[in-house]
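The chain below stands alone and is given as structure tokens, in the form predicted on its own.
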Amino acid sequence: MKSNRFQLIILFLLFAGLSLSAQQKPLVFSTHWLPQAQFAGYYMAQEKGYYKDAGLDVIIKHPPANLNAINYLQDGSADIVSLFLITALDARLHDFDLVNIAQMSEHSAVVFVSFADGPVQTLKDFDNKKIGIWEGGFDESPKTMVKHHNLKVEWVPILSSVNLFLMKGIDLMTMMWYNEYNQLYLSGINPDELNTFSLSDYGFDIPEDGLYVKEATYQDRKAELQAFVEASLKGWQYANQNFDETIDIVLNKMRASKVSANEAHQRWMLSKILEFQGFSGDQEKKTQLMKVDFQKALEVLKENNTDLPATAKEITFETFYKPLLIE
């Protein structure tokens, strides 16, 4: 009789454990752009089983080019998103309760580009010109820089193509050094045929890619989030040390999503992304958001916004930045 009772207890505990395992929620992570080498570390963390080894069921998704990934965080269809620091802080200033759990990028990669034989030779020449800007977000820093210099321009929305610039339908275009700028080179345009105006050269070197969650998610799933950050870092370190293998995985991801995949371009992108994220050989990657960068982004946003709510004044570095790794 005691033996039967003991067996029943064992079976109950076994099924209870299975039930809890089955109830484990997936962790949905959304990048802030289409599949590309910019997100290689997350792909490798999934490919090499780092998420699984950490006890996580991670789903990686990508928004279309005309949608800001922050929408996924707002409607609950993603638990974690990657965003530019300034985009995330702007949302927080407008009363969306997201927090930064890891800062991946250390510098800005945004540049304005014009043709060297065109009318835009200096910053002053931006005045009364047409500038292409992304429709799906990332526009806060470029627009603030233009406003800061009292320039009047016409902003022309674009998705992910440089075609309008190549056809000279616009005078300038905002580009990522690791992305659209290299697309121009692959289109047959040499660097000496272009003028570049880097935001970092004009006092707007604001770090970009970081990981963000809702405040409630941070409180409820802290252990899972920490495991995600740690596993993602392992993925990025693997990508840094296994470049060719990583490029193959990136290209497969892009093709599976029906996104145009150019190996030369993705190699350029991954090399530049690793630089902007501070990877150097075997040196450990840090995920720290610097207070000075937070303050600079806050200044930029307040300069560019005249409709900020009163609660914007209450935001502090300590309430916005919730690091899960001690560095």
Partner chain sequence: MNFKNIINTESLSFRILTRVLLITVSLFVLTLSIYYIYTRNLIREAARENAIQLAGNIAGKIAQQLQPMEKLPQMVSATIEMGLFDKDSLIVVLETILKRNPNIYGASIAFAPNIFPEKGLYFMPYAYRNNNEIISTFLGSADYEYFLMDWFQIPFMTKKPYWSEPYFDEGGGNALMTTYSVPFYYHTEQGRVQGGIATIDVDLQWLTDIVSEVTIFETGYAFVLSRNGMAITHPDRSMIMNESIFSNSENWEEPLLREIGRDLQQGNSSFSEYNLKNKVKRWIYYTPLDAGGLSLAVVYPDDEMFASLHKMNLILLALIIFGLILLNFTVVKIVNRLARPLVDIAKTAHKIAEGNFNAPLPEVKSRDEIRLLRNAFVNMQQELGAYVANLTATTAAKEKIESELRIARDIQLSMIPHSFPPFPELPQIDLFAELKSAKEVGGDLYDFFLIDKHQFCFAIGDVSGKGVPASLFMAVTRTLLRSIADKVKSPSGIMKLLNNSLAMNNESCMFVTFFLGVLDISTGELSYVNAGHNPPVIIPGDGAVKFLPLANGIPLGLQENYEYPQFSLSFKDGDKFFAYTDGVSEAENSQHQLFGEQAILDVLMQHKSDHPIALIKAMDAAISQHVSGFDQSDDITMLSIAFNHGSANGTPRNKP
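Note that the structure is a prediction, hence the values are computed from the model and not measured. Numbering follows the first chain given and starts at 1.
Beyond the structure shown, there is the form predicted together with its partner chain, which is absent from this document and is the topic of what follows.
Chemist: Hey, of 115-123, 98-106, 84-92, 165-173, which bit sits against its partner chain in the model of the complex at 4.5 Å between non-hydrogen atoms?
Modeler: Going through the listed ranges, the match is 165-173.
Chemist: Might Asn128 be said to contact its partner chain in the model of the complex, defining contact as any heavy atom within 4.5 Å?
Modeler: Output for Asn128 is no: heavy atoms all beyond 4.5 Å of its partner chain.
Chemist: Is Ser187 close to its partner chain in the model of the complex, meaning a heavy atom pair under 4.5 Å apart or at it?
Modeler: Yes.
Chemist: Consider Glu299 of the chain shown here, and say whether it contacts its partner chain in the model of the complex, taking contact as heavy atoms within 4.5 Å.
Modeler: It does not: once its partner chain is placed as it appears in the model of the complex, Glu299 has no heavy atom within 4.5 Å of it.
Chemist: Even though its partner chain is not shown here, does Asn262 get within 4.5 Å of it in the model of the complex, heavy atoms only?
Modeler: Although its partner chain is absent here, Asn262 would touch it in the model of the complex, with heavy atoms inside 4.5 Å.
Chemist: Among Asn150, Val153 and Asp205, does every residue place a heavy atom within 4.5 Å of its partner chain in the model of the complex?
Modeler: Not one of the three qualifies.
Chemist: Pick from Ser198, Ser161, Asn252, Asn242: which has a non-hydrogen atom within 4.5 Å of its partner chain in the model of the complex?
Modeler: For this set of options, the contacting one is Ser161.
Chemist: Of Asp248, Glu215, Glu193, Glu230, which residue is found within 4.5 angstroms of its partner chain in the model of the complex when only non-hydrogen atoms are counted?
Modeler: Only one option qualifies, and that one is Glu193.
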